[in-house]
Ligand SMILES: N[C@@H](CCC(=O)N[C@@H](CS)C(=O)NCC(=O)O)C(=O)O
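Only one chain is shown below, in structure tokens, and it's the form predicted alone.
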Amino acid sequence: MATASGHSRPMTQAPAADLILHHYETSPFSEKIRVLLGVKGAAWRSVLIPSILPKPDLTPLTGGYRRTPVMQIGADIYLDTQIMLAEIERRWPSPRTISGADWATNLWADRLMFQTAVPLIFGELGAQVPEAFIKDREKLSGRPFDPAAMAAAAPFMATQFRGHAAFIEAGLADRPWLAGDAPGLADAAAYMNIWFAGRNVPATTDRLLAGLVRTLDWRDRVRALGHGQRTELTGAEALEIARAADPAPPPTHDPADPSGLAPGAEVVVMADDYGRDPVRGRLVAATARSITLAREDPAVGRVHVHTPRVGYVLTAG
């Protein structure tokens, strides 16, 4: 039976503590995953990674993917929070956190609202942004990362950010959580940007949320959910875990997949917006919801790398 992630393999009965999140504390997309783990009450292991390249203990797992976070379960590596959220829900379905239009909410938060938060934050921080960070983000995005230009755009972005926050306010009009009667993916996704702005430009964020009383109360309640049960792990230990494991049974390949690529083909997968570093491997399975590649690396042996379908490009290579 197909699941929310588009996988048709049986439920993997792995303890939640087998989940390893490679992240850094100030990463907004990592906060989204940490919040969902808090909703699940999950035990998980944390590997802190640099916010910029190089990331020597991460690259053997990902094949060059540089965005944060990355999720690891044994020798299975998950790139992009979309596939991480789906896999967390598949492996640990209680409490249920994904239903209805939650995936649309997640895409809105990842792209539209996030695009207003970035210039709002870095335009205000200006000269406080380290040069090494600017250069890294220019390579990540493929375009200039210019705090001065962001500062010039900040008044427009402020109105946009408040407009997005007003969507949250409206979503809470008849329910305690965006996801309904209990917190879920919609809450974790929307909170990501509120948290990101509030952590970096708190006075501006409070000004833009003024009068949105339901959103302010909701922000406090999401924060109170916590991050589950976190224990620390080193990057070297995570590599050893991958090396000692075999990938889990993969999803079933869709023979009608529009790419026309079959399992065993040499392929390349990359994001379609930014961070387009190509990940190369052998196709294991392509479904309507996910792509799975097999990769070999001397540091970890064989791993399966999983990405979402939406937001990623799969080509022969």
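Worth saying up front: this structure is predicted, and the values here are computed from it rather than measured. One rule holds for the numbers: they count along the sequence shown, beginning at 1.
Missing here is the form predicted together with the ligand; even so, the following discussion is about that form.
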| item | value |
| --- | --- |
| Proximity to the ligand in the predicted bound form (heavy atom, within 4.5 Å), stretch among 244-252, 259-267, 288-296, 47-55 | 47-55 |
| Any non-hydrogen atom of Asp102 within 4.5 angstroms of the ligand in the predicted bound form | no |
| Interface membership of Pro28, the ligand in the predicted bound form, 4.5 Å heavy atom rule | yes |
| His164: touches the ligand in the predicted bound form, heavy atom cutoff 4.5 angstroms | no |
| 4.5 Å heavy atom contact, Thr68 and the ligand in the predicted bound form | yes |
| Leu112, Ala170, Leu140, Ile134 - the one with a heavy atom within 4.5 Å of the ligand in the predicted bound form | Leu140 |
| The single option of Asp80, Asp76, Glu124, Glu87 touching the ligand in the predicted bound form, heavy atom within 4.5 Å | Asp80 |
| Those residues of 255-276 which, in the predicted bound form, come within 4.5 Å of the ligand by heavy atom | Tyr274 |
